[in-house]
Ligand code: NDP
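Single chain ahead, written as structure tokens, the form predicted alone.
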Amino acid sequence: MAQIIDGKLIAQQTRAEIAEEVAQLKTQGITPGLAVVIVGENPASQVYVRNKHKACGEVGIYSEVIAMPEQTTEEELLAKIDELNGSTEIDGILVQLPLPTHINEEHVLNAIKPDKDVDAFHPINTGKIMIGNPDFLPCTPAGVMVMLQKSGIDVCGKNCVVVGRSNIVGKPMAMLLLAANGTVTVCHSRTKDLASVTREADILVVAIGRADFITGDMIKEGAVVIDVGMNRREDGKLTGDVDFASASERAGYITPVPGGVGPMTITMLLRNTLTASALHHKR
């Protein structure tokens, strides 16, 4: 039976470390600040934004939530981002996705100053990740790396398979594993005989958005299985991209859903906001 990697516990430990660093900055008269912009009434987005605001309060980061109506124009949103770019109180800017369909997501994300882009979505920040010289790391992949480290799992020399190639998780996850000297394979919907590839993985990271897609027979005995997925079954229960019951019989380590990667994502947003504050006050 696999050992559970407890994302809640690791997130608590990491947030305690962040809170200490924030407290030290405050003794120098510096308070890190995060602005979260939400456009429209998407219920899931509203929950995420509330959770981010609450997490900031818990570690002592100043947090500002800017709620804009659904009919907000792209020009109005860009003007708000420009205002936040110039604010000395705000170190990090996050625009909650998805945006209403009449707003171009790429235009908006590219408008955030790279040194305030705490989601690490700006092309400059993604480029820095590619060349191994990042200022910020994307929150979910960064959270996965912290979970591996705090669980005593060494990536160096391991066969690492990432299932999924999104810009938010799959691609940057591959880059971070590569930077840690893993041997990385990226799989996707066009991969032939996916199971034959996943069965070679010492570390398997799954982020494809398909409930219970990876089953125990697709996993190498003793592998580390990181499930980034978050799906809701017909009965309303949350489940990941990995079939936990069968996978946990084969894996050496596994993350649950919920309580695995999820808590780490917001934690790394806090870390990036702290990093942004440090960057701004070095100048």
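One-based numbering along the sequence shown. Computed from a prediction, not measured in an experiment: that's the story for all the values here.
Note that the form predicted together with this ligand isn't included here; everything after this is about it.
This chain appears without its partner; in the predicted bound form, the one residue of 34, 225, 39, 228 with a heavy atom within 4.5 Å of this ligand is 228. Shown without its partner, this chain lists 107, 113, 188, 150 as candidates; in the predicted bound form, only 188 has a non-hydrogen atom within 4.5 angstroms of this ligand. Comment: 202 to 210 is the region of 130 to 138, 202 to 210, 92 to 100, 70 to 78 lying near this ligand in the predicted bound form, near meaning a non-hydrogen atom within 4.5 Å. With a 4.5 Å cutoff on heavy atoms, residue 126 does not count as touching this ligand in the predicted bound form; it lies far away. For residue 261, a non-hydrogen atom is located within 4.5 Å of this ligand in the predicted bound form, even though that partner is not displayed. By the criterion of a heavy atom within 4.5 Å, residue 14 is excluded from the residues contacting this ligand in the predicted bound form. Using a 4.5 angstroms limit between non-hydrogen atoms, residue 181 is distant from this ligand in the predicted bound form. Looking at 141 to 165, the residues that come within 4.5 Å of this ligand in the predicted bound form, counting any heavy atom, are 163, 164, 165.
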